[in-house]
Structure formats: C-alpha cells, structure tokens
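Only one chain is included here, represented as structure tokens and corresponding to the form predicted alone.
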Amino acid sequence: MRPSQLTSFVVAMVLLGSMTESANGQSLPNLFPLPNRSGLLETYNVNHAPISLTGAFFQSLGTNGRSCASCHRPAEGWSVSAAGVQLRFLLTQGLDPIFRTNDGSDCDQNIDTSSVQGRRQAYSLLLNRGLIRIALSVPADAEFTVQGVSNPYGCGDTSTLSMYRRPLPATNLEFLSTLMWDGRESTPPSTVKITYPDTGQLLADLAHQAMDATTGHAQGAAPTPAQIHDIVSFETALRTAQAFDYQAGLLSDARATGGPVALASQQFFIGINDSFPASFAFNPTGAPFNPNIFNLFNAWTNSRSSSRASIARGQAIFNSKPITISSVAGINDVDGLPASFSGTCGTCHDSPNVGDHSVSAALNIGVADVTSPLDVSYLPVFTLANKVTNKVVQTTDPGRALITGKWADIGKVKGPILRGLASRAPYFHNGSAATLADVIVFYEMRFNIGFTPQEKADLIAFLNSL
C-alpha cells in the first residue's frame, strides 16, 4: 500500500469506528466507499436508501456498552479485522466496548485489566487474531469425553470448553445455508438444517442469533421483538463486496460484474449448483454441478491491463485448478462418495458468485488440526476420547461436535461467504491465516496442489477483488 493509501485507510477506520459506535443520527450513503489495503469496499442497501447508523444494530442493548456494530464494522466487511481491533485499542487504551472480559479476553479468570499493559495481555487473541472466546458446554449425550484441555490462557474446564473464533460478517446473509461456524444458531433443536425451500428458517435463525448476541456478548436482557426485527431487517438488506482495486480500477468496468450492486441480483436458493452427486438430490432443480463458480471477470480474460488479466486468471484458477480432495470429513467419509477424488475450489465453495456451500455441509479440512500447516500454537488443545472405541484425537476446536455431540463432527465447521475478503483479515475460523497468501499456503500444503508462483499471485489478486 502506498503512503497515501495507508493514510486514507487509517482515517476511514477512525471515522467509521466513531460513527458506528456513537450512532448519533448519522448514516452512510448507499455504496459509500471504504478503503482497505487492496482497494475500496462498498455496501449496497437493497432498499435503495442510506445505511442508517441509528437502528437497533448500532444501539447498546446490553449492560457492557456493546452493540452489534462492536464486532460487525462496515469498514471491516461487517466483521472485524485484527488491524481494526488494534487501532481501537490504541485510540481507547483498550476501553472500547469490544474489550470486555465476558468473551473478548483470552480467559475471564485470573486476569488484570486495570492497566493498559494488563488489557493488552488479557485481550491478546482479539488484538492479534480478531478472535472472540466462545464457551460451549459438552452435550450430555456426546459420543466422546474430554480427557484434557491444554489452554495457555487458563479456562481449562473440561465440561465447558473455550474456543476462539472470528466474528462472521453481518452482510450478504441471504446467501447463507448455515448460520455460525458450527451451525449452533439454528431453529431448536440446533441440529436442524436449513433446507429447500426456505420458508423462513433463516430469518428465524437470525432472530435467534440476535437474541443470543444481546444476552451473551452484550450481557443484556432479551431484546424486544421490535428490536430483533429491526436488527434482522437491517442486516438482511446489506450486500457487500470489493468495488475498486488500486491496480485494476473499477471492478464493474469493461463488462466485469464485480461490486455489491451486481451481487444484489445474484440468484440463490438452498442447493443451487450443489456439488454433491445428483443422487443426493440436494439441488431441487436437478441441474448438474457447474464448476465455474465465479464469472465476474470473464470479460477481462484478454485484457490489456496486466492487473485485470491477473484477476481473470485467478478466477479461472479458482474455477478449474485440480485439487485432490481426500481425508475431508463431511465429504470423503460420506456414503456414496469416494475416499479421494479430483475436485476444485468450487467443490466446497459452490454458491455462484458468492463462494460458500449452498447446502448446510460442515467440513473438516484440517484448519483446527494440531498438525495444521499454519501456526496454531496460540490455540488451546482439546484431547477427546470416543466413548465406544476409546480412540483419542486432539484438536484446537471440536467444531460442530459441541453442538451435535457426534464423534464424526469433530473439527467440522462451515465455509464462509468469500465476498469482501480484503477488509476482514485474518482468515479461517481461528484466524490462523494472517493474509490471503497464508490461505494459499494452507491449501497448497494440505492438498499438495502445486501452485506456481504466478498462479498464487493471480489467485490472491482474484480473492482480493471479491
């Protein structure tokens, strides 16, 4: 980033931070450009109105000063970035509402937040990785026991486990097939999946999530039905995407269809372009899987601009680069699927021009493994034992298994929507990829893909343009 770009980025972060926290009658113009290190992010309100910063989403409905916007910032892709959290710490000396010990600190036991240095230590994972502590009880009927917890920050209880996860974006929600990394915010019981046709379950799940966020993260009483409706209506009207690239220019120029306006008209339904075999009948239309997930930059394939051509090549790599998919729980262990087969990025990111999975399909690709190609030494290690077979595994996050209690679900999480990536580093549910280059390193090493240096550069350029 050039110095002028860095300055504008920091200024935007400061201004947007104060605006979204104060909620003092201000609003963002629709499609207001927000700088990040790659270009400009825009959010489109499908109601064709300014994005109001005064509704329940921006109000402190609890007792600790937090609002939904504390962890879902417009300038950070409606999530938080580690850089943004660090800036807030610097500006407030660690007193911003996001810095609260109920879940923002590494642990809530034996910590001292009375000094700046103490707060810096207490909130180290939030500062360095953008992680919130999620405490979940082991289901009473779980198929496993927790033999041990090695947590460098404390919080080593074996009945209520502390995981550390990234806040998911509160935008582009109508493309979701699963809410939350582990699917826990679903219609009770929390193992019920959203299926086609969705007759309102996503909205019910979002309402449930708004309730839990207020009573948990914000430590408040239950919000009113009107407040919940306001939050859900606000966030489901948002579409967010990168709109401008510092090198390639406007991402909707020369017949390209980047940016949030085109995204707002993108077709989606549960099961669209599902990559599981047709015999699974997850796609209600019966249409075959099309691996060409993204077509945003087809028009730039032969562009004279080297930057635009690079983005187009990266899109083609995403759509077509062969990946040997093996040892992925949720795919290779499913009846009717082979233990190993050749796929692409789109096998697990099949929603057209969105990039999450169009059906609820929690997967374990190894992000939480203690043997992950990326550094996960900052995370706790949980030792789990199967009650029947006595098999023992270690993981840094049991994932969906803490919701279903199933041994087969250990380490499984959903894949996120890929739009707006440039504004919300770090990546993966545990923040183990500090950059998109680290994401590529993970996949390269985990699946032995064999990217060339040029392919890596092109793929990163493409992902930054989403």
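Start at 1 with the first residue shown and count on from there. Model, not experiment: these values are computed from the prediction.
Below, we refer to the form predicted together with heme C (HEC), which is not included among the displayed structures.
Here the chain stands by itself, but in the predicted bound form one stretch of 270-278, 117-125, 337-345, 388-396, 337-345, has heavy atoms within 4.5 Å of heme C (HEC).
Contact check at 4.5 Å (heavy atoms) against heme C (HEC) in the predicted bound form: none of G77, R239 and L251 pass. With a 4.5 Å cutoff on heavy atoms, Y44 does not count as touching heme C (HEC) in the predicted bound form; it lies far away. When contacts are judged by a 4.5 Å heavy atom cut-off, D103 counts as touching heme C (HEC) in the predicted bound form.
The closest heavy atom approach of F318 to heme C (HEC) in the predicted bound form falls within 4.5 Å. Though the partner is left out of this view, L459 does reach within 4.5 Å of heme C (HEC) in the predicted bound form, counting heavy atoms only. Interface residue among M180, V146, A82, A262, judged by heavy atoms within 4.5 Å of heme C (HEC) in the predicted bound form: M180.
Taking V359, A170, L379, A312 one by one, only a single residue has any non-hydrogen atom within 4.5 Å of heme C (HEC) in the predicted bound form, and it is A170. Of all the residues from 127-146, those having a non-hydrogen atom no more than 4.5 Å from heme C (HEC) in the predicted bound form are I132, I134.
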